[in-house]
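There is one chain below, alone, in structure tokens, taken in the form predicted alone.
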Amino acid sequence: MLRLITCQNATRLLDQQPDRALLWGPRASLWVHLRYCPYCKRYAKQTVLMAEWARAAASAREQTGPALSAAAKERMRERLAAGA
């Protein structure tokens, strides 16, 4: 069933969208809302960009692995040497 939704509901659906596919009804309501609301349309574009950046950062992190700074490595060496 197609219903008009508020901006609050639209942003909630936009936040859910990357994690799980929306059912037909909410997806259609969101599509209609994005046709007439420039603010939510802008928010939708921003959430897509943030998801892409997060995926790219996670991918880069997987390729390089977690890194410690030289100072952190030295602190660990000192604590291990001290037996702490």
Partner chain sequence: MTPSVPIPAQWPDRYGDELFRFALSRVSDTTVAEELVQETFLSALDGLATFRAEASERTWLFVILRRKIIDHYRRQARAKQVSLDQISEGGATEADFFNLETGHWADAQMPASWLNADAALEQEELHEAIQRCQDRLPAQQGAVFAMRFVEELSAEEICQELGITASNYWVLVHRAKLQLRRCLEKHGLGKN
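If you're wondering where the values come from, they're calculated on a predicted model, not measured in any experiment. Positions refer to the first chain, counted from 1. C-alpha atoms forming the largest set that superposes within 1.5 Å between two forms make up the rigid core.
Below, we turn to the form predicted together with its partner chain, even though it does not appear here.
Although the partner is absent from this view, R3 stays clear of its partner chain in the predicted bound form, with no non-hydrogen atom inside 4.5 angstroms.
Although the partner is absent here, S29 is not a contact residue: none of its heavy atoms lies within 4.5 angstroms of its partner chain in the predicted bound form. Looking at R35, you'd find every heavy atom of it more than 4.5 angstroms from its partner chain in the predicted bound form. In the predicted bound form, A67 approaches its partner chain with a heavy atom inside 4.5 Å. Along 39-60, these residues reach a heavy atom to within 4.5 Å of its partner chain in the predicted bound form: Y39, C40, R42, Y43, Q46, T47, L49, M50, A51, W53, A54, R55, A56, A57, A58, A60. Relative to the superposed rigid core, D15 undergoes a CA displacement smaller than 2 Å between the shown form and the other one.
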